[in-house]
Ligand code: GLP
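A single chain comes next, written as structure tokens; it is the form predicted alone.
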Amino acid sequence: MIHPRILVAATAEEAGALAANEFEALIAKKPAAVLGLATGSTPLPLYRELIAREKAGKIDFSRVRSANLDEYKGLAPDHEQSYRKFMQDNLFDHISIKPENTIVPSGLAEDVEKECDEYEEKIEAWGGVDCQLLGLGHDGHIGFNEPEDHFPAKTHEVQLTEMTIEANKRFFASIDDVPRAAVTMGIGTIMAAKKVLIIVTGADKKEILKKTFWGPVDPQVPASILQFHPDVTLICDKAAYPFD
């Protein structure tokens, strides 16, 4: 097992700044870097910091490519709760990244299997992901890879668990509006990234964070597979850090 490099921040905002340092260093070294990006509340401080740093001339996104982890099945790119819309509103529309260099799985693909295969091919054509950003679900999911009896390898369709639907209902008018399925990068796709950067904040994530890196590797805790990745940086705030 390989233990992650751990950076503990005082607050979620500081965690975002520490994560921005990692991206800034990577892009300075490789201006056309391929970033694996994530949605949700956890990366928002990071995205705000990245926008500010480009405006300050510290980062140049004009050659950067990005591939997002996942998308809800059934939501159009301009739907208020689609992950494409989230990325446009919270990052892409505010930095110099080119639209053609940002890919998000399609939630409207009629042939989902073909969409998944083509998504893998796009990432491969770019030379793979240089740094994959992750959050951590309360049940240990990464992307939309939910607890199950194996680690799915490639981008695929997944049925969302009740826990995930419950966690995401706050973004919708009612729980009935939350999509029941998604298209997500597989565990194998995530593990193929050259570097993984996982941000975990909040006391409610302390228990699952401990299971992820200090418990057994188990597909019931999908993120625990990261114990086998050779280059993982964990950034967490003091509230989430499982050891006092």
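Source: prediction; values computed, not measured. For every residue, the number given is its place in the sequence shown, counted from 1.
Note that the form predicted together with this ligand isn't included here; everything after this is about it.
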property	result
One stretch from 51-59, 207-215, 33-41, 172-180 that, in the predicted complex, holds residues within 4.5 Å of this ligand by heavy atom	33-41
Phe144 within 4.5 Å of this ligand in the predicted complex, heavy atoms	yes
Contact flag, Gly135 vs this ligand in the predicted complex, heavy atom cut 4.5 Å	yes
Contact test in the predicted complex: Thr164 vs this ligand, heavy atoms, 4.5 Å	yes
Residue contact check: Val64 to this ligand in the predicted complex, 4.5 Å heavy atom	no
Proximity to this ligand in the predicted complex, single hit among Ile27, Leu197, Leu69, Leu46 (heavy atom within 4.5 Å)	Leu69
This ligand: the contacting residue among Asn168, Thr102, Gln88, Ser82 in the predicted complex [heavy atom, 4.5 Å]	Asn168
